[in-house]
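The chain that follows stands alone, in the form predicted on its own, written as structure tokens.
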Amino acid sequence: MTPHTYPCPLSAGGSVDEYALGFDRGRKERLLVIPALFDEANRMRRFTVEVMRRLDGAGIDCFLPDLPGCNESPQDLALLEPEDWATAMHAAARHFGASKVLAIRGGGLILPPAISGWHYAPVKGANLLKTMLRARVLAAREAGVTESIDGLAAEGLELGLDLAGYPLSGEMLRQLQGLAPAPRAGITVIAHELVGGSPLWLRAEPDEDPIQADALAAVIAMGALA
């Protein structure tokens, strides 16, 4: 596994280098891995890398790009929208010569066009937001502050909102609220039940599960190398 970069287009023109993790041995099958979004990405990052490690062992190159505004990105997340993420993933797919894509959870909301692959455990943007809103309300309650999901949602649409440490603009919130996975030719949905075990995105802390990583990697490898 080695660090890489990819040129991410900027809305004002030009581009900026964004970070990516990769297993690159110049092989025919090259998989772009779109991470889960927001706090789910933190909980599932080790799992995601372990799936990539297994796919590398199966003969598949893999690339996990940072989303603009997240992780090592120099961009300001508060100025970004889902369309910026989708544009970045399209650029990453071209740059790495991806032959297939694996989107994890909310990563399926920003799939690049015209590329086949898999979407693991799809989720609606509205459900992601509701989970983060609920977590903020509970944290505020523990701190003796009263907040409500409806009140926060209304405030966020007008002024933007910090959720789980992510500064999200009102436009980001509006667009996410309306995004949902849609059936697409060439994209196979992998339900979590096929992988088994308790969902990692629901655990309180970042975690991993070798059995789940084995199972998901096996599904991808069998499809990619068939």
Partner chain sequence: MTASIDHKLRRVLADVLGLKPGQSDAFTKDTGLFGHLPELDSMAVAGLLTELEDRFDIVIDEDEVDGELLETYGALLAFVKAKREAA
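The model shown is predicted, which means the values in this text are computed figures rather than measured ones. Positions refer to the first chain, counted from 1.
The discussion below concerns the form predicted in complex with the partner chain, not included here.
K.L.:
Does every residue of Ala164, Pro199 and Glu205 put a non-hydrogen atom within 4.5 angstroms of the partner chain in the predicted complex?
P.N.:
So, yes: the whole triplet contacts the partner chain.
K.L.:
Using 4.5 Å between non-hydrogen atoms, is Leu152 touching the partner chain in the predicted complex?
P.N.:
Leu152: no contact with the partner chain in the predicted complex.
K.L.:
Is Thr131 near the partner chain? Define near as a heavy atom within 4.5 Å, in the predicted complex.
P.N.:
Flag for Thr131 set to yes.
K.L.:
Is Asn127 a contact residue for the partner chain in the predicted complex, using a 4.5 Å heavy atom cut-off?
P.N.:
It does: once the partner chain is placed as it appears in the predicted complex, Asn127 has a heavy atom within 4.5 Å of it.
K.L.:
Any of the heavy atoms of Arg45 lying within 4.5 Å of the partner chain in the predicted complex?
P.N.:
Taking the distances in the predicted complex, the answer for Arg45 is no, it never comes within 4.5 Å of the partner chain.
K.L.:
Heavy atom within 4.5 Å of the partner chain in the predicted complex: which of Val137, Ala86, Ala78, Ile115?
P.N.:
It is Val137 that has a heavy atom within 4.5 Å of the partner.
K.L.:
Heavy atom within 4.5 Å of the partner chain in the predicted complex: which of Asp39, Glu171, Glu50, Glu29 fits that? Just give me the one.
P.N.:
Residue within 4.5 Å of the partner: Asp39.
K.L.:
Taking 4.5 angstroms as the heavy atom distance cut-off, pick the stretch from 87 to 95, 139 to 147, 152 to 160, 68 to 76 that is near the partner chain in the predicted complex.
P.N.:
Checking each option against the 4.5 Å cut-off leaves 139 to 147.
K.L.:
Using a 4.5 Å cut-off on any heavy atom, which residues of 80 to 114 would contact the partner chain in the predicted complex?
P.N.:
Contacts from 80 to 114: none.
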